[in-house]
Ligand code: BGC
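The data below hold one chain only, encoded as structure tokens and taken in the form predicted on its own.
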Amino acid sequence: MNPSIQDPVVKKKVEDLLSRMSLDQKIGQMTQSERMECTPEDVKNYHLGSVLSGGGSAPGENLTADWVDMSDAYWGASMEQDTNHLAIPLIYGVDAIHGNNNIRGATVFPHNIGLGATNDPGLLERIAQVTAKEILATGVEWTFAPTLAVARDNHWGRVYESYSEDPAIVSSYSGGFVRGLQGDLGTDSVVGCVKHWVGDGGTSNGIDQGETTLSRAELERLHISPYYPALEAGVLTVMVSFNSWNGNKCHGHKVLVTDVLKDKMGFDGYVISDWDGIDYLTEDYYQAVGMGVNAGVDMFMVPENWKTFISHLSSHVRLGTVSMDRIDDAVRRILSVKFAYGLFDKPRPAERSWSNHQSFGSDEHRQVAREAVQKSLVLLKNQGNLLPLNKGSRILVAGKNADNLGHQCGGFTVAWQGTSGNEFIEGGTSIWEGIRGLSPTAVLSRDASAAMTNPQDYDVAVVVIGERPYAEGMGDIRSGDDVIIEAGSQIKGALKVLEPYGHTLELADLHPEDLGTITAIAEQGIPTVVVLVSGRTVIINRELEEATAFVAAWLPGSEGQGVADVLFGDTDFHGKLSFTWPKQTRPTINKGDENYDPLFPYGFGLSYS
């Protein structure tokens, strides 16, 4: 339990306010809309407890000043008090999952898969502290992070949001990251939200929002265990997962949400749904509202249908299908978080000390991100000690991801599905720019195939290859519709199906242009360093064979300079695989499995020393 929530002064304030609230005001607190679907006037008139920005949803020119102005307008509306309205400050939420990745000019950290390879909990806490400051610079108070998924199948489109296939690494990070975000709940803090409760990383065939079939003991060992350190650190909110467990959707799962999380584990903050998460419980939306509330969800992320949600929940209470005790419990939890965080005592966003702060995207913040990049890289092959590179060598840089900040940042960066090119990521360096900064004579080939290269001109080549950005189900790898049919038959409720990223994990089939570039250079006798930018451990057998040296760079974020630092030996390789690297698409393998025969085992990573 969180000591701040249990503070007698906080409890007294909550009960006093709760006793003065009407049903409409209570239900409003349980409702979260998306900024494009509600106005400040709506916040006041419907007593809304929260507003969020979905991926890519940004005010004005997407600068910190635009965000502060927007946050200030919503906050001001929530604090207008009259005979029909109580002054209850709104809390604004964003998906700041690798830095405040929504905003132009933000410091974008490596995605979690890379951070898992660092095995450095202290670094993670510092990353969270920087992220908190860059969130506060926008006048916002709440981030839907950290993700505590333990990804067990690299076909899943959200593998990069997971630190590891091993719950031990995820557990070692969760408490520190929460402390980094929330601190002492003072001026420098934001509200954290661990997600997704629970089992999102364990779905069959890695289907996003699919079915996780496990015993209660295995669910506890693999997927629940990382939540304990986060709860001990006092995390204030938890987000429910889209997946089902043994056929039953988590959004309607009273045992998981109420009996396990709240009662057994002692979580006393509030539980929020995922984006339209209750919609998939049943085709009858009215029934879905009742199911979600009665399961123990306290606040509902209903971006577009929020008015219908309010109407349906009001009807449920009048008819007795949702009790007033359940409503009061939900609102008590929401108010407790707002009081514990000091939201009632904070000045309006425009007057807060961190709003529009000059540290946003600063060199100081970017140095932390650069360190994270350096420590995340994993050296898989270094034939003939080709690495580290000599800064005086004649270096050819090639590959579609060499000079592409959008690709190296991945999904959930400025836009939901990420971006391509260098136009939208302001500040930082591409991997090419990092190399050029340390070796000014390096040359970038804009020819994707590098076919026109003269081998006499170069001593070595660096070829940067890999995936393009994706997020959520649009990153899934599915061999065919049969896996969707199988999952659908196991779930009580609906399954949201998006177009997958591809049908195979073999990089040579997903992106044949990459192998083409490597081969074109290697066949000319130029020793080749391959740098892979990817959100998962894709099948790289053919690319690895052609390469002289091979580096897994994951999704390093905005500070490509960190990649160059290690390639040239300014720092040594530090990263170790937090995910098993498979030889083939199937069967999926994880540390500890029988017949464990990977391409590279969990924990592998070479170094110069």
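All figures in this text were calculated on a predicted structure; none of them were measured in a lab. Residue positions are given as counts along the sequence shown, with the first one as 1.
This protein has a second form, the form predicted together with beta-D-glucopyranose (BGC), left out of what is shown; the following refers to that one.
Enquirer: So beta-D-glucopyranose (BGC) isn't shown here. In the model of the complex, which residue out of Tyr280, Trp275, Phe339, Trp245 has a non-hydrogen atom within 4.5 Å of it?
Expert: It is Trp275.
Enquirer: If the cut-off is 4.5 angstroms on heavy atoms, which of these, Pro582, Gly55, Pro59, Pro40, is the one near beta-D-glucopyranose (BGC) in the model of the complex?
Expert: Among Pro582, Gly55, Pro59, Pro40, a heavy atom within 4.5 Å of beta-D-glucopyranose (BGC) in the model of the complex occurs only for Gly55.
Enquirer: Counting only non-hydrogen atoms, choose the one of 267-275, 403-411, 83-91, 252-260 that falls within 4.5 Å of beta-D-glucopyranose (BGC) in the model of the complex.
Expert: Going through the listed ranges, the match is 267-275.
Enquirer: So in the model of the complex, does any heavy atom of Val293 sit within 4.5 Å of beta-D-glucopyranose (BGC)?
Expert: No, Val293 stays farther than 4.5 Å from beta-D-glucopyranose (BGC) in the model of the complex.
Enquirer: I'd like to know if His196 sits close to beta-D-glucopyranose (BGC) in the model of the complex, meaning any non-hydrogen atom pair within 4.5 angstroms.
Expert: Yes, contact at 4.5 Å.
Enquirer: Spell out, yes or no, whether the shortest heavy atom distance between Met239 and beta-D-glucopyranose (BGC) in the model of the complex is within 4.5 Å.
Expert: Close contact exists here: in the model of the complex, Met239 approaches beta-D-glucopyranose (BGC) to within 4.5 Å, heavy atoms only.
Enquirer: Given that the partner is absent here, does Met301 sit within 4.5 Å of beta-D-glucopyranose (BGC) in the model of the complex, heavy atoms only?
Expert: Taking the distances in the model of the complex, the answer for Met301 is yes, it comes within 4.5 Å of beta-D-glucopyranose (BGC).
Enquirer: Tell me whether Asp95, Phe144 and Arg158, taken together, all sit within 4.5 Å of beta-D-glucopyranose (BGC) in the model of the complex, counting heavy atoms only.
Expert: Checked in the model of the complex: all three residues contact beta-D-glucopyranose (BGC).
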